[in-house]
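Below, in structure tokens: the form predicted on its own, a single chain.
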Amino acid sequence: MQQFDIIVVGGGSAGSAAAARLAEDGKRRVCLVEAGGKNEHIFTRTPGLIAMMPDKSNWAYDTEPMDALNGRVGYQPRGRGMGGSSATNGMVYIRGNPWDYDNWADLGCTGWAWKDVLPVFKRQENSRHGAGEHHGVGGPLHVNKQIEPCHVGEAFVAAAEQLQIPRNDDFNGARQEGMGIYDVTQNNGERWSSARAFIDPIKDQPNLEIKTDALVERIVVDNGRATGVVIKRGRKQETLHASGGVVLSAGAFGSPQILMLSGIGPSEELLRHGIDVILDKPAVGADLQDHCDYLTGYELDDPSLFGGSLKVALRVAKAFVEHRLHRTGMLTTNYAESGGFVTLRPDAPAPDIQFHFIRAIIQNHGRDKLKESGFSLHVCVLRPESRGWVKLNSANPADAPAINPNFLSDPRDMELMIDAAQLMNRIAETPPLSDLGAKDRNPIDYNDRAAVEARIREVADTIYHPVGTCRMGPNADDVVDPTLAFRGIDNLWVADASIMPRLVSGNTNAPSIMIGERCGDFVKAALG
């Protein structure tokens, strides 16, 4: 049995930040446990090689069949290894809308209003915008302009301007509304994951031990208190002891799964799998929220775009050499280069849809390898009413959890998605984007709402922002309190996107890092 003060489960976006805050002053012996590897290979370092990411860096979950999507099984790629999804994502840096956090506070999450979280966002970043009211410099997380965004993505932004959607150079500044080129978590042309930002600078400290390729099988609970974890590395099972407690940071799918495997969750679900119930907690695994995304692809033979032809392969090979030598060129792309936020409903408190322009034709989450060059346009509903769940497939920790986002199960989400798809098509048909002569691979009559709805049900799926399965709140039935302490188990905290009581209006990586940082502060305050 190995002894530590704090064990952090998960080295992803939030877990890396939490572990760093707990270990940085050297006062506590911290163990960071990560199921995947170190993620130091070239595919995570080179932004444009995301399409070649090895399987070992992706949990690659499938969902349960979803009724509102014609019974289709969806796909949920999640980062595995140090950095988690920040090592495999599109690197878009979006905090969400200030209203999101003020709404959390209104729901009873005291201390989570915009005025409370903005200082943490500013502390974490080294922003290309410089220090000021909205941004910070000197933090570990580099936030920069893209080095070489393509002209087609710029044409998308310009077409939106023709429709009176304003240009926005800083979605994390004074206003979120508008279209522009996204800021990215990159430094010197390389991906800057949470692990590179927070863990690499302190990984040699003697008070921090990092265990990779270590699957957490369960949390050890003695007399209502978290005292450690049981892990498996290869064929060997080990027990790690934590005198101060456990921080669970395994993500919106992993955290509820580990809790349920530990006997903490809906008693009916646990007993169904032969797991002894330590604490009946129905909210564990409930309230899954995610951004459902509608997309369509356009064929365009343009040297700035990606595809599967030999011509593009030769271009990418040349770009690879350029990137290795200079960290410049088309392989600095994050693919999701441009986009933005629009308000469609007059009563919406903040923008209610988000666009992503992708510098390649994405079909089946990129798993279908297409010969044609081109681009994709994506739009999602930002604050969905639909709710899903995470449950267990079995009591085996190595098995994937059962996931059902229930996308578009609430008809209000579908109505907004149809409006969003129609606007996206209007942008595509507006100069200068329409002047490029791109060919819609799946044309439909966008004036026919029934046809648009049918197409959405055929192709819509996640844009990779699951949250809410260990929700924070003021009530006894909530999973964690506003200090992220678990309600019902002492010395246990949860720090990742699963604690969000409501999905933020935008990409979730930056908020997850902020949550991890705040949890580190909360744990230090609790332990003294």
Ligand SMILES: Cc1cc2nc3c(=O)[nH]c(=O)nc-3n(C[C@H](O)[C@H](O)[C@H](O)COP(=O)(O)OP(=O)(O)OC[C@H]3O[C@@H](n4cnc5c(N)ncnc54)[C@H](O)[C@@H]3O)c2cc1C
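Numbering starts at 1 and runs along the sequence shown. Bear in mind that the values here come from a model prediction, so they are computed numbers and not experimental data.
What follows is about the form predicted in complex with this ligand, which we do not show.
Engineer: In the predicted bound form, which of the stretches 207 to 215, 311 to 319, 447 to 455, 105 to 113 has residues with heavy atoms within 4.5 Å of this ligand?
Structural biologist: Heavy-atom contact with the partner occurs in 207 to 215.
Engineer: Can you work out whether R471 and this ligand are in contact in the predicted bound form, taking contact to mean some heavy atom pair no more than 4.5 Å apart?
Structural biologist: Outside the cut-off, so no.
Engineer: Indicate whether this ligand has at least one heavy atom within 4.5 Å of a heavy atom of G307 in the predicted bound form.
Structural biologist: It does not: once this ligand is placed as it appears in the predicted bound form, G307 has no heavy atom within 4.5 Å of it.
Engineer: According to a 4.5 angstroms non-hydrogen atom cut-off, is R80 in contact with this ligand in the predicted bound form?
Structural biologist: Yes, contact at 4.5 Å.
Engineer: Is there a non-hydrogen atom of A14 within 4.5 angstroms of a non-hydrogen atom of this ligand in the predicted bound form?
Structural biologist: Contact check for A14: yes, within 4.5 Å of this ligand in the predicted bound form.
Engineer: Have a look at C31, M66, A35, L484 for me and say which one sits with a heavy atom within 4.5 Å of this ligand in the predicted bound form.
Structural biologist: Flagged contact: A35.
Engineer: Can you pick out, from G180, G329, G90, P266, the residue that has a heavy atom within 4.5 Å of this ligand in the predicted bound form?
Structural biologist: Only one option qualifies, and that one is G90.
Engineer: Within 455 to 484, which residues come within 4.5 Å of this ligand in the predicted bound form, counting heavy atoms only?
Structural biologist: Stretch hits, in order: Y464, H465.
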